[in-house]
Structure formats: structure tokens, C-alpha cells
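There is one chain below, alone, in C-alpha cells, taken in the form predicted on its own.
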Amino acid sequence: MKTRYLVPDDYMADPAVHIFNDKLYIYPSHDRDSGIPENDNGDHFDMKDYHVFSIAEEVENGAVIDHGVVLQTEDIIWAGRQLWDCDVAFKDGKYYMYFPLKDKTDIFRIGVAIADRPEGPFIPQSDPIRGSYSIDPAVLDDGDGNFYMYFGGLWGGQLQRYRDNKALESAVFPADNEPAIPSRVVKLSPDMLQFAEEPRPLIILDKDGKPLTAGDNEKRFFEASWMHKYNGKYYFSYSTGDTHLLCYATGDNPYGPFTYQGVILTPVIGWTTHHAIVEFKGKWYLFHHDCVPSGGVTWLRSLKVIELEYAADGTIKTIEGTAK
């Protein structure tokens, strides 16, 4: 299929996508221009609410239904600013939205909001998850009653301010020849409201079994965790950030280690690349965004989808982005 823009009359980005009740539901962030010049902390993003979208028929041309605003910063008593990308999981009749948001001290935490329906509205808990930090939560339902969250992002995502789940006095970046800062993985508690354990580093190895280094910036993790399973394998996909690639690594269990495999998507127009991978009606799709409709303005991104294909050996065929 050709790339399809899904919400042409608004700027949506960072999609999380799931199948609930035989429909495809999209949970994106909502881009607004804050009027502040672009910087590495993301202050140019004035993102303060979430919409939910659904598709009941074919992804290629099915109607995209906007269910409206389902959560906003005004609803969250601990809110500061910057309601970035989210994800949603279903358990025991309830839908749980996990969202990153800066608290009143300008530190990112991860909150939880609950709904009775996949289209919301979502009611936030009064406090963020204890021990949570950074951004980009993505939740895997492993099919055995266990749910795992993958999270973290560098630069504006503040991951460089933590080591062993403890805040540092100042940000620390490794040297180019040292292991890269990893994303995090953590099992969720049975009630879906807290971490069941200390978050662990998610290590990505090269083909020689060595951890990717910080200087290998076309392969190492930067942000935008996503996890899916295909033919019994775990596929961890992510953005390399400043080199604008979507890459992936595979492993045999939710914690890894994972071995780097290749590029899913080459650079698009616009700074960030963030995505979701899902199967719907017998086809696999890559949901992501670019800035083509806004004329390349990096903080006004548009939601899009394209079919994703696997080779016979389970590798993902690389998709060419829009950047030239």
C-alpha cells in the first residue's frame, strides 16, 4: 500500500496502536506549537491532550473515527507540562493508559489513567507510578497474564539523568566507545498501577555479542520503544533520534538481551521518528509520522501508516522514508 495520512486536519504523532474488540485503536500525542524556539528539551512542544482514533475496516481506506479528547493536563492534579506519547493496555475489563508528563518540578514521570472502553474517557490516578521517570512508555501484553513496560528517551526525555534507577546530580553521557545508555524494561504489578520490580536495562548487542556503544549512533537506542512478537520472537524497535532511523533488535524473552537486526524505516521529513507495529486483518502495518503536510516544521507532525513486510527468515524489509 501507499503511505496514508490518517488525520489530515490536525497534527498527531507518536502513535501507539492496538486491536481491541476487533477494531484498530490509535493513541497518538497531539502536536501544538508553543511559540518557543526549538531546543533539545522539547520546549517547542505544547502538547496537553490526547485524542483516540479507531478504524473498523481496512487500514488502506477505512474510515478513521475521532473519539475526541480523552485525557488532558487539566484533569491531572500532579501535572506540570508536556503530555507526550502514551500507550494503552487492556486487562480484566479495564483499559489502562500510560502517559509521560512533567510534574510541577519539571521532571518527567509516568502516570496511569483508567477507562471502561478503549475510546475512553480515561480517568487519571492521583499520583504517577512510584519510581517512574523519563518518557515513551510502551506496554507488551505477553499473553500469559504478564505485562511489561518499555520506556526511556534521551535529551529532552531526561534518561541521561538516571543511573540504576536513581537520579544523578547532573546528566551524564557515556564516551563514544562506552556502552550506550539503554532503554528500560519493567514488569507491571497485577493491578497495572505500579512497577512490580526495579526497572532493568534493555541491552542491545551487535552481531558479535557486544553491547552497542554510544558512538554507534545509527544503531544505538535513543527513544520510542515498541515491542511486538512475531513467530514466537520478541521484536524490540526504537528510534536512533539524531540519526533519524527506526531500527529493531530481536530476543527470546521480554527482558532480552536483544541482538541488533537492521533498519525498519529510513529518515523521514522532520526531526523525530516514533512508531507502532501491529497486525490487523492478516496484514502487518507500521504507524509513524512525518512533517510533510506542515511543510517540514519539525514540531507539527502528521500521523501516517504503511504496510510492513517480513522476509522468510523473519527479518523486516526496510521501508524508505520521505527524506531525500
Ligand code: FUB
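The structure displayed is predicted, hence computed values, not measured ones. The numbering used is simple: start at 1 and walk along the sequence shown.
Form predicted together with this ligand: not shown, discussed below.
Which residue among Met149, Ile204, Met97, Ala224 has a heavy atom within 4.5 angstroms of this ligand in the model of the complex? Filtering the options by heavy-atom distance leaves Ala224.
Just to confirm the contact call: exactly one of 253-261, 66-74, 52-60, 266-274 touches this ligand in the model of the complex at a 4.5 Å heavy atom cutoff, so which is it? It is 266-274 that comes within 4.5 Å of the partner.
So, a 4.5 angstroms cut-off on heavy atom distances: do all three of Asp14, Phe45 and Arg301 pass it with respect to this ligand in the model of the complex? Yes: Asp14, Phe45 and Arg301 each sit within 4.5 Å of this ligand in the model of the complex.
Look up in the model of the complex whether Asp85 has a non-hydrogen atom within 4.5 angstroms of this ligand, and give yes or no. Answer yes; at least one heavy atom of Asp85 falls within 4.5 Å of this ligand in the model of the complex.
Quick check on Ile135: any heavy atom within 4.5 Å of this ligand in the model of the complex? Yes - in the model of the complex, heavy atoms of Ile135 and this ligand come within 4.5 Å of each other.
Given that this ligand is not shown alongside this chain, does His288 nevertheless sit within 4.5 Å of it in the model of the complex, heavy atom to heavy atom? Looking in the model of the complex, residue contacts with this ligand do not include His288, since no heavy atom lies within 4.5 Å.
Heavy atom within 4.5 Å of this ligand in the model of the complex - qualifying residues of 50-74: The stretch does not touch the partner at all.
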